[in-house]
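As a starting point, one isolated chain is supplied in structure tokens, in the form predicted on its own.
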Amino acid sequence: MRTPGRVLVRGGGVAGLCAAHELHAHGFAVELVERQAEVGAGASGLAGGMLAPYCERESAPEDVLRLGRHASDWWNAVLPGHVVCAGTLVVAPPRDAGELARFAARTEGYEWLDEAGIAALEPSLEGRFRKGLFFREEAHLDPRAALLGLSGRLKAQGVRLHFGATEPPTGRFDHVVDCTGAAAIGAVPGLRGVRGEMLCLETAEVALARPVRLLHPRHPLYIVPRGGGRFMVGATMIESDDAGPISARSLMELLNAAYALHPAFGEARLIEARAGIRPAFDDNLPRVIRDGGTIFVNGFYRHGFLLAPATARQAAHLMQRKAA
């Protein structure tokens, strides 16, 4: 059977790898180029990996919930064993209890927990918080492991991946899908950079089974367990396209917030501290844009792993119509 054409996918982050997977599944011959030398070396490797459409709805439009509701099912189907379906816990210090009520008013899919309910979910937090919100249907994954797993699956399916390259070695392509993220700022109208900074801490004194969001009027943060006593702590949101090292202020704020969740984080080892640029449009939602012979998939802001499956399907369907 004749294939609908050859597609070059530019960008090997979560958007590009998901797009390559969906395009291949729709019958296209796919090849991918990524300027970073390794899988996960770009901004996608700094993500929290939270598949949390209900929590993200608190500060995002309804489309985040609509598009992201089935993300965990997609990842489970594509990479069995990578998704942890343990929900999300949201807490706040007693002095900031009003933040919990505000959070609850802006979303859905939660149940209220008292102090005993929080301790039953996360024994390490026993006695530390009086009330919390539990989003039972949410999930999370390790972004770097997921990117490696997805790239390995694509290779096994015959998709050619070229890391450390800006152009494929040879060949002519019928279509191009551009998923280059922040590199497209200036080329895609309306795309801007939002700086995000993260830490990785290691301690044997805290055990968490799921992402925990700590609400704070100035410094809300999330802590995501990575296994082996390691935790990803994130993230700042700064309107800047400066990709330089994490700032001293951000480092202190993230560490102070982690300490507020559990004092043992004050003695944790700092394994990693990095910054990346999140590409975003004015509504902080991703877009699939057809411009001449290229389809642009960009603007994921803080929703890459949550929304990339949905936009990949959109791009594949648009490409099918284009190829027809």
Partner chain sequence: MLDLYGTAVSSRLLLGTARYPSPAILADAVRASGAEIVTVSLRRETAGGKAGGAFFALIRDLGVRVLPNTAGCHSAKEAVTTARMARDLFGTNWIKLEVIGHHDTLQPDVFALVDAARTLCDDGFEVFPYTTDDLVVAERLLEAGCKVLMPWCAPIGSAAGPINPVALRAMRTHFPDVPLIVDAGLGRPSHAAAVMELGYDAVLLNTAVALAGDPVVMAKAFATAIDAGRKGFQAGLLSPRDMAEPSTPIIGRAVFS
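This is a predicted model, so every value here is computed, not measured. Positions refer to the first chain, counted from 1.
Just so it is clear, the following notes concern the form predicted together with its partner chain, a form of the same protein that is not shown.
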Whether R195 contacts its partner chain in the predicted bound form should be assessed with a 4.5 Å heavy atom distance threshold; does it? yes
Is there a heavy atom of E62 no more than 4.5 Å from a heavy atom of its partner chain in the predicted bound form? no
Should S124 be classed as touching its partner chain in the predicted bound form when contacts are defined as heavy atoms within 4.5 Å? no
Using a 4.5 Å heavy atom cut-off, state whether S240 contacts its partner chain in the predicted bound form. yes
Only one of P94, G81, P217, G158 comes within 4.5 Å of its partner chain in the predicted bound form by heavy atoms, so just point that one out. P217
The single option of E115, E202, E253, D73 touching its partner chain in the predicted bound form, heavy atom within 4.5 Å: E253
Thinking of its partner chain in the predicted bound form, which stretch from 100-108, 81-89, 168-176, 134-142 has heavy atoms inside 4.5 Å of it? 100-108
In the predicted bound form, which residues of 262-298 put a heavy atom within 4.5 Å of its partner chain? D282, D283, N284
